[in-house]
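Just the one chain here, laid out as structure tokens, in the form predicted on its own.
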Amino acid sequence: MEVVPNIRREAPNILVTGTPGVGKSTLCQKLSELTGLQWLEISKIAKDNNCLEEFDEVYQCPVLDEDKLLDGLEEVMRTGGNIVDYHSNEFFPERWFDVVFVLRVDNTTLYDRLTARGYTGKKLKDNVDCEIFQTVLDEAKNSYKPEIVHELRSLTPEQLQDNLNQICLWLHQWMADNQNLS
């Protein structure tokens, strides 16, 4: 059996997840600008790399080919230094992430944000229900070590700034803890 060396990343991989409309892309864009880490918008990557299958008429969106997406991301994730932005999290390999941040908002705010995006019917109801029942948070807690999963409120510009500060503090600590290990 061939032994694969444990490759240390020079920068961590961060997963930012949450129900559509909680502010993931806004946070990730600003975090990438602040830190220089690479922002990986999974929806855009899936589209650009033909990782989308048939169209789901109920939810009015294409279905993700998870295996094809994961195969295409393996090398970049092994390298490190990524901020992954996606509304689902349980299908990503646990080994990819050093920390997971789950953004949350209140239901009224989420409803308003999603209707402004054109969500209606079952798609709107199911996404609001997903937030009510903290589905994405529970999936993260069940898919990753509990100590790396953090819930962040994402309602106001002040909370956005607080979240950026918290993640940057975490990043500085990760860098300090890992600088002499490579």
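Being a predicted model, the structure only gives us computed values, none of them experimental. Numbers follow the displayed sequence, beginning with 1.
The next section is about a form of this same protein that is not shown, the form predicted in complex with a small molecule.
For K68, no non-hydrogen atom is located within 4.5 Å of the small molecule in the predicted bound form, even though that partner is not displayed. At the 4.5 Å threshold, heavy atoms of L164 stay clear of the small molecule in the predicted bound form, well away from it.
Taking the partner from the other structure, the small molecule in the predicted bound form has no heavy atom within 4.5 Å of any heavy atom of K47.
Among residues of the shown chain, T120 is not one whose heavy atoms approach the small molecule to within 4.5 Å in the predicted bound form. Contact with the small molecule in the predicted bound form, defined as a heavy atom within 4.5 Å, is made by none of Q38, G80 and H172. Residues placing heavy atoms within 4.5 Å of the small molecule in the predicted bound form fall in a single listed stretch, namely 153 to 161, out of 47 to 55, 122 to 130, 139 to 147, 153 to 161.
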